[in-house]
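Consider the single chain below, provided in structure tokens and representing the form predicted alone.
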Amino acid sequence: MEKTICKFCNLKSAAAKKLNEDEICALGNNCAEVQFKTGDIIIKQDALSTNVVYVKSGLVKIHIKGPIKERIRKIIKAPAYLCLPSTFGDKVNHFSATALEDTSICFIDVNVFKQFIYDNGDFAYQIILDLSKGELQNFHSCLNNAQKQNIGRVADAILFFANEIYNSNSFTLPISRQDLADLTGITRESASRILTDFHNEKILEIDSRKITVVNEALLRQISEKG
């Protein structure tokens, strides 16, 4: 771990930008930056939670072990906080987080973070905005999984990586076929078969994990109709 000089960080969250000089100093004194390699576990489910986790750079998957199997809940791109409701809602983590690429994480003492919320209205407002956006994303994700067929879910996932994560129609999928299945709530066999069909129908060009969206209009149509 290394002490973070938060005042000079150009990757501060929108909330941290609302802190005054004394608060920024307190943040730096109660924050440690840790580097994680691809595949490293950042947070483990059921472990004691004593820090707010901020993804400074990189890409992270949030996954939860259920009674039958594990499920990927979401993919988070930096900069972003990791699952604040879980941090404030209990003393243990309700999820695990794993780095999908080399990732820089800032661990912030939760008590100091709470004090900022009590004392700084602008900071608290930005945190509420983050929580609200996360809640809306969860709402749409639940709706899609409930109403869309498997093919629509996979189309959604590919468009998500292309437009939300990489801002490019050509990218390297950062997760395995099994992870894609866990993310979309389908079986690995179904996920692989749908990707193969997309490739054969020239909707996607697939070379191992390298994916290129060839016919975005048709992919969006599949996503919308589910």
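For every residue, the number given is its place in the sequence shown, counted from 1. If you're wondering where the values come from, they're calculated on a predicted model, not measured in any experiment.
As for the form predicted together with the DNA, it is not shown, yet the points below apply to it.
Screening Q126, S141, N120, N150 for any heavy atom within 4.5 Å of the DNA in the predicted bound form leaves a single hit, N150. This chain is displayed alone, yet in the predicted bound form one of E201, D46, E189, D40 has a heavy atom within 4.5 Å of the DNA; that residue is E189. Under a 4.5 angstroms non-hydrogen atom cutoff, the DNA in the predicted bound form has R177 among its neighbouring residues. Within 4.5 Å of some heavy atom of the DNA in the predicted bound form lies at least one heavy atom of T196. Partner contact region in the predicted bound form: 181-189, out of 181-189, 32-40, 57-65, 155-163, criterion any non-hydrogen atom within 4.5 Å of the DNA.
Counting a residue when any of its non-hydrogen atoms is within 4.5 Å of the DNA in the predicted bound form, the hits in 196-225 run T196, S208, R209.
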